[in-house]
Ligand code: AMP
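Coming up is one lone chain in structure tokens, specifically the form predicted alone.
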């Protein structure tokens, strides 16, 4: 099976790009953010552990994330290929993922400036029911506070505060950039300009997916 890995700083558009790839290429989308938030909603022990880290902008411990992703990869619905959104974020996670066999692999690095990414995050809204992503500036819901897709409540994520966003950038630089180097040395890294609106970014990115 094919594996596509989406990288980028917080606010680079990984989630939106993952959804578009899923729609157009039929890949299963595996989002660690969605997995963790689902555990938090369930009130599971893993969710309670993760919540404190996510709220402060820190990374959830490797052992917890690796185990949750491992369980997801065992579901048996990935024969058509899958796209990883938000994983791996550390070298330990990258090594764990490399142990999972695949027929081909690409790691797409979406490059965007910190100022643009922060602006996007502080304007981002998310549906609490289905996870659909909106933006106050260029993609607001048709009805304020209501999801276009499922009618659920749309609001800013609790971890999308200015303080938490800046903290996530610090963590990204410390722990995730070495992962980019890991895939670059493996010869599977592809760089894509992530500036501008989502449609422009996707036009650049989709040519590199096949």
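What you see is a predicted model; the values in this text were computed from it and never measured. Positions refer to the first chain, counted from 1.
Just so it is clear, the following notes concern the form predicted in complex with adenosine monophosphate (AMP), a form of the same protein that is not shown.
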| item | value |
| --- | --- |
| 179, 154, 30, 36 - the one with a heavy atom within 4.5 Å of adenosine monophosphate (AMP) in the model of the complex | 36 |
| 4.5 Å heavy atom contact, residue 165 and adenosine monophosphate (AMP) in the model of the complex | no |
| Distance check, residue 53 to adenosine monophosphate (AMP) in the model of the complex, heavy atom within 4.5 Å | yes |
| Partner proximity in the model of the complex: residue 72 to adenosine monophosphate (AMP), non-hydrogen atom cutoff 4.5 Å | no |
| Adenosine monophosphate (AMP) contact at residue 147 in the model of the complex, heavy atom, 4.5 Å | no |
| Contact stretch among 41-49, 179-187, 156-164, 138-146 - heavy atom within 4.5 Å of adenosine monophosphate (AMP) in the model of the complex | 156-164 |
| Check all three, 110, 191 and 195, heavy atom within 4.5 Å of adenosine monophosphate (AMP) in the model of the complex | no |
| Residues from 89-105 in contact with adenosine monophosphate (AMP) (non-hydrogen atom within 4.5 Å) in the model of the complex | 89, 93 |
